[in-house]
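In the block that follows, a single chain appears as structure tokens, in the form predicted on its own.
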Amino acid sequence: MKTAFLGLGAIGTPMARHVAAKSSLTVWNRTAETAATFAAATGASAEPTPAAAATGAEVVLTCLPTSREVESLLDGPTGLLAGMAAGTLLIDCTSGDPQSSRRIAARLGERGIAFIDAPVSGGVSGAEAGTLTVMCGGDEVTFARARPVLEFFGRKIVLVGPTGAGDALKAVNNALLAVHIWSAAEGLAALAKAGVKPSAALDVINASSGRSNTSENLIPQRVVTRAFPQTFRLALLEKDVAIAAEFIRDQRVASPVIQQVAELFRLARHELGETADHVEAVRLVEEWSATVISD
């Protein structure tokens, strides 16, 4: 099988590495040097344009920051539509937005090209290990066709609904992550100011009903230690929470908590900048509270 992979970012690169190990692969990246380095290391072929990468491929995978970037690759003499033939399958692993994915699917459908939105969860470590969770939006036939490719880098692969449903679920999942980060930071900041050691508080919380991945892993490993490694940009989490907030409004579901957290993460992105890690949102809570969540 010939495949193409477009978007060699922090998560896309290890995903594409798994694909390269199991199929004939062409790659494209906005930074050509990145694609060339990847090709030299894996035996893939680096191409200068999306059209060139997609030409002759049975399956094309995209993994870009937003749906806007995916749409921007479609048109023009060097765009995907110039390279994909009828019968091609486009798997979009971007953490995108449902409306854009439905629009992309409709455009591709006019050319006889299948589409499935397949955002992933599990971070860089999951991508490197090939154990990502993949949430798919599309029909059963397209999902069955996409699954063997998704198994190159995914362990839990689920068709969750029609086109756009994968994007919606990914956004809601990440909105819950944002809620957990912000609420845990507020609670722990208050406890720290009252004289409770964060490590002691976390020991109790993590044996009780308030625990979450944030309290069990993110805060002990990154906040209490003051390590704050760069693994997932706050800007990308803010984008995902905004998508979730819009999706929930579109469904006419009351969502004051998620709407507020979307605004808080928008503010955190503005205050902390485009390169800050997502867990660094805790720094803003610490600043406002005049305390540090550390022993």
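Just so you know, these numbers come straight off a predicted model, no measurement behind them. Start at 1 and count along the sequence shown; that's the residue number.
Here the subject shifts to the form predicted in complex with a further copy of the same chain, a form of this protein not shown in this document.
S.K.: Taking the partner as it appears in the predicted bound form, which of 45 to 53, 262 to 270, 30 to 38, 223 to 231 has residues with heavy atoms within 4.5 Å of a further copy of the same chain?
M.R.: Only one stretch qualifies here: 262 to 270.
S.K.: Does His180 make contact with a further copy of the same chain in the predicted bound form, using a 4.5 Å heavy atom cut-off?
M.R.: Judged by the heavy-atom cut-off of 4.5 Å, His180 is in contact with a further copy of the same chain in the predicted bound form.
S.K.: At 4.5 Å between heavy atoms, is Ser95 in contact with a further copy of the same chain in the predicted bound form?
M.R.: Contact with a further copy of the same chain, no.
S.K.: State yes or no: in the predicted bound form, is some non-hydrogen atom of Gly87 no more than 4.5 angstroms from a non-hydrogen atom of a further copy of the same chain?
M.R.: The answer is no: Gly87 has no heavy atom within 4.5 Å of a further copy of the same chain.
S.K.: Heavy atom to heavy atom, is Leu169 within 4.5 Å of a further copy of the same chain in the predicted bound form?
M.R.: Residue-level check for Leu169: yes, a contact with a further copy of the same chain.
S.K.: Tell me, which of Ala106, Ala129, Val196, Val141 has a heavy atom within 4.5 angstroms of a further copy of the same chain in the predicted bound form?
M.R.: Filtering the options by heavy-atom distance leaves Val196.
S.K.: Which residue among Ala82, Ala114, Leu176, Val124 has a heavy atom within 4.5 angstroms of a further copy of the same chain in the predicted bound form?
M.R.: Of the candidates Ala82, Ala114, Leu176, Val124, Leu176 is the one lying within 4.5 Å of a further copy of the same chain in the predicted bound form.
S.K.: Even though the chain is shown alone, can you say which residues of 209 to 235 have a heavy atom within 4.5 Å of a further copy of the same chain in the predicted bound form?
M.R.: Heavy-atom contacts to a further copy of the same chain in the predicted bound form: Ser209, Gly210, Arg211, Ser212, Asn213, Asn217.
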